[in-house]
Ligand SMILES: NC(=O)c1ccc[n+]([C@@H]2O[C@H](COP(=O)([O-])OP(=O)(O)OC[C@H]3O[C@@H](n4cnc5c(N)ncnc54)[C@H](O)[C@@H]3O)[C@@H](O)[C@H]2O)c1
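Below, in structure tokens: the form predicted on its own, a single chain.
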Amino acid sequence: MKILITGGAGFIGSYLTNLLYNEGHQVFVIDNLSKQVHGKEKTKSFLYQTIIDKADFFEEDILTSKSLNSLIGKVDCIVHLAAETGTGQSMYDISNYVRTNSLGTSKILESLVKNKNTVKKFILASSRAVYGEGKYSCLEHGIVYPVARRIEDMRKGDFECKCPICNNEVTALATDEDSIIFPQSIYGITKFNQEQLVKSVCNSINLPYSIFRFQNVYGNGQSLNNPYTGILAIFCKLLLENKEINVFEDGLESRDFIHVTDITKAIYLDLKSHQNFQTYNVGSGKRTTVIEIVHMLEERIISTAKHRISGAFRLGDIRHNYADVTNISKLLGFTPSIKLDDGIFSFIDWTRLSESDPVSNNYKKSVAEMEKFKLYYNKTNS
């Protein structure tokens, strides 16, 4: 197969590029080598270096790509990964997220509509962020979908979700693909907009598609300089720098962590399958609290740093969300292969050997930016 990957030099994209190359496929990559992902010396970045001899590479922004129209006449499939991905950052860098994620997707789809092409399938990387909090259970009202948590409650240290009907606390359930879509961040809104664009256009031109809603992705190669990357990478780097970890809320907020290798495995299973017009959750199907992640890292990293459960919180963050993976298991035969303990152990080893700038300064800057725009609350400003 001949496959075009937008964002193919990014975190997930580089793993997918390598997998497809190793399986004998021809890969084309469009990537703008964003400084936030690849650092100042972009062509020396770990991710870029892993793909330079594995794909035909075009350093272009998907919004202004001069190669896109010709490439869609050569490839069998498009895997669209190029996107801005920071939930917190999206709450103030709004136009950039809408432009890159929504308009970027529309540019590809418009090219498919207007130009002769050989594309037989379109694969979109979406996010669990489209669900917002996702599915919960209320003792009185059964299955419910909580709205965004109230600032007044969180200022008092009450971080749990409430039933939208009776306002009592609810219990998180595994969120399936048929759950209500209720994004609570600009990032989540743009990801759902991407989904809507893909479904509308692909259905109209009868182009098969698959949509993957990723949970919290981690693994070797994840940016260590980007303060908007996953918490596992940030916390790991801070401990290695002997810098204090600020644990937001009460530390009991939870996420579903899935290794990047399993993400690319899921995409490849779909490429080889006969399944079309499907939407999949991709996760481990398990909840892990933030404080559990901190303890796992502290057990493995000798550091003078301590963690502090601060009670601080960010607008746009959710409390809990984990995937119901029944659909992808049934249709693609997908099961995660990398356990969280093993993945974290490998990630720590890779981080120790990686050359990167200190993350602490960038992290403080990102928090200051959110505080400036009244999107971050701690004990002093709440």
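This one's a predicted model, so the numbers in the text were calculated from it and none came from an experiment. Residue indices: 1-based, along the sequence shown.
One more form of this protein exists, namely the form predicted together with the ligand; it is left out here, but the text below deals with it.
Residues with any non-hydrogen atom within 4.5 angstroms of the ligand in the predicted bound form fall in just one of 186 to 194, 151 to 159, 298 to 306, 172 to 180: 186 to 194.
The closest heavy atom approach of residue 32 to the ligand in the predicted bound form falls within 4.5 Å. The ligand is not shown here, and in the predicted bound form it never comes within 4.5 Å of any heavy atom of residue 16.
Although the partner is absent here, residue 20 sits far enough away that none of its heavy atoms falls within 4.5 Å of the ligand in the predicted bound form. The shortest heavy atom separation between residue 127 and the ligand in the predicted bound form is within 4.5 Å.
Among the residues 214, 122, 145, 235, the one placing a heavy atom within 4.5 Å of the ligand in the predicted bound form is 214. Out of the listed residues 71, 290, 240, 83, 83 is the one that sits within 4.5 Å of the ligand in the predicted bound form by at least one heavy atom. Residues of 1 to 22 that come within 4.5 Å of the ligand in the predicted bound form, judged by any heavy atom, are 7, 9, 10, 11, 12, 13 in sequence order.
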